[in-house]
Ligand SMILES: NC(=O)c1ccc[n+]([C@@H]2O[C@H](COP(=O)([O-])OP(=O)(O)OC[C@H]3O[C@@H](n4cnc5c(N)ncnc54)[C@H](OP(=O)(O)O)[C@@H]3O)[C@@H](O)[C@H]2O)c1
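Below, in structure tokens: the form predicted alone, a single chain.
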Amino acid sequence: MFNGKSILVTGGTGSFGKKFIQTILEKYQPNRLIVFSRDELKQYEMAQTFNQPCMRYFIGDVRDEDRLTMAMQGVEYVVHAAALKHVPVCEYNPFEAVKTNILGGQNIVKAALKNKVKKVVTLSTDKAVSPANLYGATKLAMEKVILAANAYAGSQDTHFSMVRYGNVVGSRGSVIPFFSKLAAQGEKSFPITDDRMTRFWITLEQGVDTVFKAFERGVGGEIFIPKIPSMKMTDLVKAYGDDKKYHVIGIRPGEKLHESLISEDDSRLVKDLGDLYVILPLYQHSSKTGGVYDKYPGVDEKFFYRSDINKDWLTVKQLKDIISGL
């Protein structure tokens, strides 16, 4: 579906953006593939690897509606991955988090509608479900802003969908690079905030694949959620060696013991697609789904998708394989 098309990726120099662009170039022949981000150094470094004729590098900020509008001219598909994502940074800089994560989402909507973009898929996070910190709250608001855009589009052929998933294995700022650094330094005891803690985990490849599925299946207004495994933080420590121990440093402000991808309140809107869950829009005026998902089964009204009650768990051996493959 991307052959001969123009695609724009906000936050394109990030971990997800680079993997998405790499995958597009391996599988398709796009007309233009646009990286939209703020950091000229990261763009320069990325251009040393991704220098195909279709590549374009736009310096810009999602806070700047005019620049986004200019960058989206002639674009059919948009992936919105740009965000402020570090929980303590967002807590300390709340105005900045709101400007990037919420108002930036609004600017994406305005620019996409002005340019009659065909489809927009936006990345969200498990932290948007019953948020306990500002980052999660801004992403929840962003979800509402983006999905409501289907109503603003009216009869225009522009569709907005969402992908929501958990922590990305090995991404910048995640715990695996931190633990790997400690292991390389010879540390024997790793800090964890609580020994009961569990987390969802997804690889970059799985994240990119979920976005592709959202483009293929999305008709507007949905939140797509991949079925992904959970892990125990204590098992991650064990994966670094039998001699590794941990010490508990206490849970951080805004941090959860377990993370959710679907709340019980959303269960009546959930359909099971087999490889994915989809949350249908709460308000029909924000939906273009019609009867598209009627053939798929729903879930129990008390269903919720949380990392500690997941059916799929990563073993210590699997975690070792993941670490060694990074």
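Predicted, not measured: the structure shown is a model, and the values here were computed from it. Each residue number is its position in the shown sequence, starting from 1.
Here the subject shifts to the form predicted in complex with the ligand, a form of this protein not shown in this document.
Contact check for I279: every heavy atom lies farther than 4.5 Å from the ligand in the predicted complex. Among heavy atoms of S161, none comes within 4.5 Å of the ligand in the predicted complex. None of the heavy atoms of G220 is located within 4.5 Å of the ligand in the predicted complex.
For the chain shown alone, T13 is a contact residue for the ligand in the predicted complex, at least one non-hydrogen atom being within 4.5 angstroms. Contact with the ligand in the predicted complex, defined as a heavy atom within 4.5 Å, holds for exactly one of V78, A149, A83, V129, namely A83. Listed residues V121, V117, V168, I225 were compared with the ligand in the predicted complex; V168 is the one with a heavy atom within 4.5 Å. Of the candidate stretches 22 to 30, 292 to 300, 269 to 277, 56 to 64, only 56 to 64 has residues with heavy atoms within 4.5 Å of the ligand in the predicted complex. Applying a 4.5 Å heavy atom cutoff to the ligand in the predicted complex picks out L123, S124, T125, Y135, K139 from 106 to 141, in order along the sequence.
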